[in-house]
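Take a look at this single chain, the form predicted alone, given in structure tokens.
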């Protein structure tokens, strides 16, 4: 319905088509663009930056979250630092990224890592701190080693929080990768959007914006599906599994 209204408004020039082209024209242009290798290369470049950003953020945030969440002293000592850095918008670091990196993969990955680390770190530490004391007391009573407590008690109990953190961090990572491509000129969908805008190829610009949105929806659906399967035993998923 919304697309039909936009189509009619653009065709009748109620909204100037040079600003908002008809959705059918956007679809035709993006289908034609899909026959070009640069279209798929832009998607691969964006996904590569997204995967690296999310992967590095996970390697930093999950171990740090386990350490912070499992120690009251470390939690209280690091909380002011986390609360200070977490609200800092990643785009505020773009001038620093300009100084440190050329328009390449490293710059957009740096932005993605900074942005994706915080939600995953916070979710991990909250998940660890949410473990019932009775579970830990039971593990201690059986003299289970700390290493096994982490992998047999803490992580399984915190898994729902980890899954939520990964899903949020995935979305944030994609947003910052595309933002980095637009602002820094790094290869990917963001750079393609910017080049189409500068070349007045409005249909192509909207087409790449649509592709970016579809990527976000698809990645979120993948993470939600994996979460449902991995946590089918958890109460939060019992009502959603079929």
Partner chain sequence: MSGRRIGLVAAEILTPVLLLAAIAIWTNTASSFYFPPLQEIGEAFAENWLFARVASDVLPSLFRLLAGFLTAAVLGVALGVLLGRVAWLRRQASPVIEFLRAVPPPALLPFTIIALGVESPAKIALIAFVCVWPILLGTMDGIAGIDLTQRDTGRSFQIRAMRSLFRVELPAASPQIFAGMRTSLPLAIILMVISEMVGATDGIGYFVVQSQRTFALPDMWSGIILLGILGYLLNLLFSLIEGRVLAWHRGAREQTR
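Positions refer to the first chain, counted from 1. Predicted model only: the values in this text are computed from it and were never measured.
From this point on, the text means the form predicted in complex with its partner chain, which you will not see here.
Contact with its partner chain in the predicted bound form, defined as a heavy atom within 4.5 Å, is made by none of 40, 58 and 126. Looking at 47-55, 175-183, 61-69, 31-39, the stretch with residues near its partner chain in the predicted bound form, meaning non-hydrogen atoms within 4.5 angstroms, turns out to be 175-183.
In the predicted bound form, its partner chain lies within 4.5 Å of some heavy atom of residue 220. Mapping the unseen interface onto this chain, residue 94 counts among the residues with a heavy atom inside 4.5 Å of its partner chain in the predicted bound form. Mapping the unseen interface onto this chain, residue 212 counts among the residues with a heavy atom inside 4.5 Å of its partner chain in the predicted bound form. A residue is said to contact a partner when one of its heavy atoms sits within 4.5 Å of a partner heavy atom; residue 187 fails this definition for its partner chain in the predicted bound form, lying far away. Along 80-100, residues 80, 81, 83, 84, 87, 88, 89, 91, 92, 93, 94, 95, 96, 98, 99, 100 each place a heavy atom within 4.5 Å of its partner chain in the predicted bound form.
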